[in-house]
Structures are given as structure tokens and as C-alpha cells.
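Here's a solo chain for you in C-alpha cells, the form predicted alone.
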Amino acid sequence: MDGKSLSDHAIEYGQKKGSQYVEARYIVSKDDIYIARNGSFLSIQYKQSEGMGIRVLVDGCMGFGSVDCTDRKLVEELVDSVIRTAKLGKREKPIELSDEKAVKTSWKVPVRIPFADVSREEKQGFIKELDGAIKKTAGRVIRNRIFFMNLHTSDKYIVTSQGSAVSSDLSLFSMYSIMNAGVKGASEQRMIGMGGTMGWEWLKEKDIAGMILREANNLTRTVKNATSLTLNKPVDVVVGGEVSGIMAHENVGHPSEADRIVGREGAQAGESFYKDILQGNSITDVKMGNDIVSVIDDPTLKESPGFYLYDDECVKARPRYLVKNGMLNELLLNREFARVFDTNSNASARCNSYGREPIPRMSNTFFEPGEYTVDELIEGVKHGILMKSFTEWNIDDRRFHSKYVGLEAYLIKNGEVTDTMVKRPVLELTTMGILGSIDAVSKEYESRMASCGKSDPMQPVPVSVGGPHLRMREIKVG
């Protein structure tokens, strides 16, 4: 039997065995991976996986399992095993799923140049040419140049006992570069993640080589010229889209995950400070920051790393305003936790393979762009810092106390960016401190990619962590 027929059979078989809800997820994924250091390839891999994940709901308890074959008998044995596992569960409150509209549809990422149509020599050649260009311009300052390129495709079919069936075809180009620079005892490291849901054409259309080369030059300039600066009083800070993106992801996206709030993720990835602020309050009664601040998680952004049109529970995706005009607005919900919060799913269920269960996850999380140009943000600063990128970040496991260390950063005086580069400025702020200090947001938006880790076993999923520039007032900078 093919994957779709076998998935349909698993649904029928699970219902006959007494499961109140059955969900089958059949995925075929392919990864073409290239890893190089200083022009030499450390690894070239081609990996393919194929299999089915099954979830059942029996008497208020959930069971999950997976199998990496297309054998009908083994799939039936898996369904039997998952149902037995669910029956062993004992819960004070039974799991229920939110009521969602049944859908039957398909979606795919538009691709002009499929990865399979590009030779291995051309793929390797891109990395070698880029490495050579960096070596030529940066000389010996950038001592290590590491590149990781993954060309990922996946075909997915999800079917449920409630009448939904969604097929999808995904193509994702991801590229990470790590550069280590050193001169006269000073050293800096730069890691850049870029990615998009396109084919091989993504490289030229987004000028990825040019972007990485510019960042290499910025890193060289930083390690040569940045000097320590002591600021005795709070100043204004303008952060670039890369910094605002990681802030949106860590300070707003993660605490918005509903499973963290109720404690399910506590042992694996931490909890959420929302658990405290929601005590006695409805979600939309909580003030998070200034009125100008809105944070969106939007899986429907075309060509973005976290793009999808239907989640892994067959719920139609839409933009989710986690914070709207300074107020907490909604959480990241799958069907299980949507029922806990007495609402509907907002299509946040994601898994990274057939062998993992779908749980509430982010996609593309960012501050909503505003009305100002970047120049206008800077013009409003008499004395402060422009932090264009970061080299380090830390945040507690409840996503409240955070620290961001700048990499490429400049002193601002009288509304102009000076040539003075500031070495590793440090922002240590609470989530409320960040959102409450923002008074202006730029129109311009820049995209960055990351692999967001969560759960146990670990489930890394592609996300966007870019955004607009933000102006933050009266910040104590370390």
C-alpha cells in the first residue's frame, strides 16, 4: 500500500479498535547536506526518511507512536500498541480536543529550480566560491569559516478520523555560516542563519553570497575597531532586525506556548511567566508594553523559513497577534490546549518528523513593522547606541529575565551614527522592560533564520527570527 492508502487504513482500523480519535501522519523527507570548514568539506550527506506517526485519544488519554515502514500488518500492530499505551494513562482531567472544521485540501511551496535538478558539483561550488571570496577580502583576520547548507524537501499527508485530510509539499533552503575573527588578542564570532521556502533560485534572488560577504566585512571591522565604552547613565538604544527578532522569539514567542503555561514542557524546555500574570486575569486584560508594540507569529509569510498553510492537526494557518497594541492578545495553541483555554486552535501544532508528536510551536515571530524609517529612529536619539547584530543571548527558563550582547554596534550622537564602534554592549532586561521601553518601530524588515529547539526527544523546527528596527528609551547598557 502507498502512504496515503496506508494512513487511511490506520484511521479505519483505529476506530474499529475503539479509539475516539485517530490521526495518521505520513511523511517522506529528503535532506541534502553540505558542511565545510575553510574551503574543505567535512561532510556531504544525503538522507531520506519515510514513515508514519499515529496519535489516538482513548478515554481522555493520548497515545503516540511511529513506524518507518509501509507494511500494513506492522501499522496495525502500531495502532494496537498506541491504543494500549493510551489506556494505561490515568489523568485527573481527561484530554479533549477543540472543535475544528474538517478540511480536505493540499498546498505546496512554489519552486522554480528543484534541488534535485542541481548537480552536487554546483552545490559544492557555491560554498567553495563563497569561502574563497571571504578569504580574499578578510585575509587572516577571519581564521575559521564554517558553512552548513541543507536542502530539505518533504511530502506530508495528514488524515484524521474527524474527516480532515491535508497533503503538502515543502521545499526549504537553509544556510548557516559561522565565522571566527581575531586580531591583536581580540576575537569575535559571528553566526548567521538564513533560509527560505523556495528552490535553488533562493540563492541568487536573495543575494545570499553578497549578504554573507558583507557580514564577514562587518565582523572584520568590528574585531579591529570596537572599543569598550562605559556609560554611567541610561541611554537610548536602537536595535536592528536581527536583535528584535531574537527578542520577539525568546521573550514573547516561547512564553506564549500554551503547553509551557500549563507546565507540560516544564521538564524539557522550561515554563512560562505567563502562568503568574494570567492568575485571575483573562488573556486580553494583561498589559505587556507600550501601545506601539505588537508581536505577530505568522506561518503564512510566503518564502519564510517557518511557512505553512495548514498545521500538523489540519487546522488552517493564520497570523497570530501574540501581543497587540501593548496588550497580551492570544497564545500559541494546538487543539489540546485550545480546549484547556476554552477557545479554538490557531494552527500552532508542529512536528519535525513522522516520529514526533505535534505540539504548540512558533513559526515566524516578529515585531509588527511601524511607521518610521531607520534614519528617523536614529534622528530621535541624542546620545545612545545602535546595536545592529548580537553575539550572545541568554534567558531564564520562564522567559522573563534576558540578556543580549551586541556584536556590530555604534555610538549615536545628536541623531547621527558615528564611526565609533562599541565593543559588546550588554542589554539586561525583563520581557516587560523590553516591551515597555519601545517608543518607535521601523518600516524596514530583515529576515533571519533559526532552528528552534523544544521537547524531549528534541524537535528542532525552522523559524524566522528577523524583524524591524526598534528604538528603546532610557536603557542601562553594560
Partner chain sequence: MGRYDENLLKIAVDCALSSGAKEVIALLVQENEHQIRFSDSSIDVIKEWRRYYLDVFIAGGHPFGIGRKINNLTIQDPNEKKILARVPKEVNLLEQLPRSKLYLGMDKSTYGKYPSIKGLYDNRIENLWERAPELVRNTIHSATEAGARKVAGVLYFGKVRKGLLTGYGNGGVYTTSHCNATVRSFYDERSSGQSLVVTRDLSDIDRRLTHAGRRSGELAVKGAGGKEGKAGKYDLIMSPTVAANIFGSVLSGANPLSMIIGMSCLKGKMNKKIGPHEMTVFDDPLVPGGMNSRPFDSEGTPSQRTTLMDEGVFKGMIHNTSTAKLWKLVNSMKLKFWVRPKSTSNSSFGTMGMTGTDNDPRALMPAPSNYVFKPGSYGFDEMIASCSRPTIYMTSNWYTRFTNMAEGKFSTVPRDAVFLVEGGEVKGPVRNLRLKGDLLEMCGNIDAVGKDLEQVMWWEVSTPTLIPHIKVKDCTFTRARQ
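Numbering follows the first chain given and starts at 1. Small disclaimer: the values here were computed from a predicted structure and weren't measured.
The form predicted together with its partner chain is left out here; the points below concern that form.
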Contact with its partner chain in the model of the complex, heavy atom within 4.5 Å, among 168, 329, 171, 402 goes to 402
The listed residue (450, 417, 67, 438) that reaches within 4.5 Å of its partner chain in the model of the complex by any heavy atom is 67
Among 133-141, 377-385, 103-111, 351-359, the stretch whose residues bring a heavy atom within 4.5 Å of its partner chain in the model of the complex is 351-359
Consider residue 303 of the chain shown here, and say whether it contacts its partner chain in the model of the complex, taking contact as heavy atoms within 4.5 Å. no
* Are any of the heavy atoms in residue 413 no more than 4.5 Å from a heavy atom of its partner chain in the model of the complex? -> no
Note to self: At 4.5 Å between heavy atoms, is residue 37 in contact with its partner chain in the model of the complex?
What the structure shows: yes
Note to self: Check residue 445 for me: does it contact its partner chain in the model of the complex (non-hydrogen atoms, 4.5 angstroms)?
What the structure shows: no
Q) Is every one of 20, 155 and 368 within 4.5 Å of its partner chain in the model of the complex, counting heavy atoms? A) no
Taking its partner chain in the model of the complex and a 4.5 Å non-hydrogen atom cutoff, the residues of 55-85 making contact are 62, 63, 64, 65, 66, 67, 68, 69, 74, 77, 78, 81, 82, 84, 85
